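In the form predicted on its own, a lone chain appears below as structure tokens.
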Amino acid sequence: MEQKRKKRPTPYIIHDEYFHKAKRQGYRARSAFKLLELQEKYALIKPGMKVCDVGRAPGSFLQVIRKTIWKDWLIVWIDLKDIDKLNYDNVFTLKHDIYEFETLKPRVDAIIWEGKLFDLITSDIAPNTTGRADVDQYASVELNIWIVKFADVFLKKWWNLVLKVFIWEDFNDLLKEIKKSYKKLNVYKPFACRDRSPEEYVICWDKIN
């Protein structure tokens, strides 16, 4: 008797509508639409702002931020990976580890002038994933705690921070750190995030110190 072939699982399709939409509109990655949706909902970015974006390559958040602030002020981008150059005079890219704050601080100071601060800090960064949800989520929380510490130094009082987090059991550890420095927060998952992804965005409002 002929054996029935096992049905192959449906492959996970990465090239979805947001991938193709990004290509059509000239964005480097689908993540641009995550920030565009956050911008539409919360109006985070305004012309004339100094903005710091922490990761990640290939730089689609940078494209959205630059489109909004135009040539009025500056953007500093920090990541461990190189990206193809963006031909914008007001975008400065720093290849650096966010964990190595002591060597990062003077490099940021040199761009925005020592003592000057950002009006907004955004992050789309994610840890290197292992495939284990608990390990990856813990690494995401730890990474974001360091970004909160970076914002403690470089974000203006009463201004805002945007974080991308893998949300699971350790999320409360991050919430405790955020609540020390911000008056309120929102958690939001843009439609451009894949359904199976644990990522959500935390908007931290009104830095209090």
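Just count from 1 along the sequence shown to find any residue number. From a predicted model like this one, the values you see are computed outputs, not experimental measurements.
Below, we refer to the form predicted together with a small molecule, which is not included among the displayed structures.
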property	result
Per-stretch contact check against the small molecule in the model of the complex, the hit in 26 to 34, 42 to 50, 151 to 159, 170 to 178 (non-hydrogen atom, 4.5 angstroms)	26 to 34
Position in contact with the small molecule when the complex is considered in the model of the complex, options 132, 116, 81, 107, heavy atoms within 4.5 Å	81
In the model of the complex, residue 120 touching the small molecule (heavy atom, 4.5 Å)	no
is_contact(residue 112, the small molecule) in the model of the complex, heavy atom dist at most 4.5 Å	no
Residue 143: touches the small molecule in the model of the complex, heavy atom cutoff 4.5 angstroms	yes
The small molecule contact at residue 101 in the model of the complex, heavy atom, 4.5 Å	no
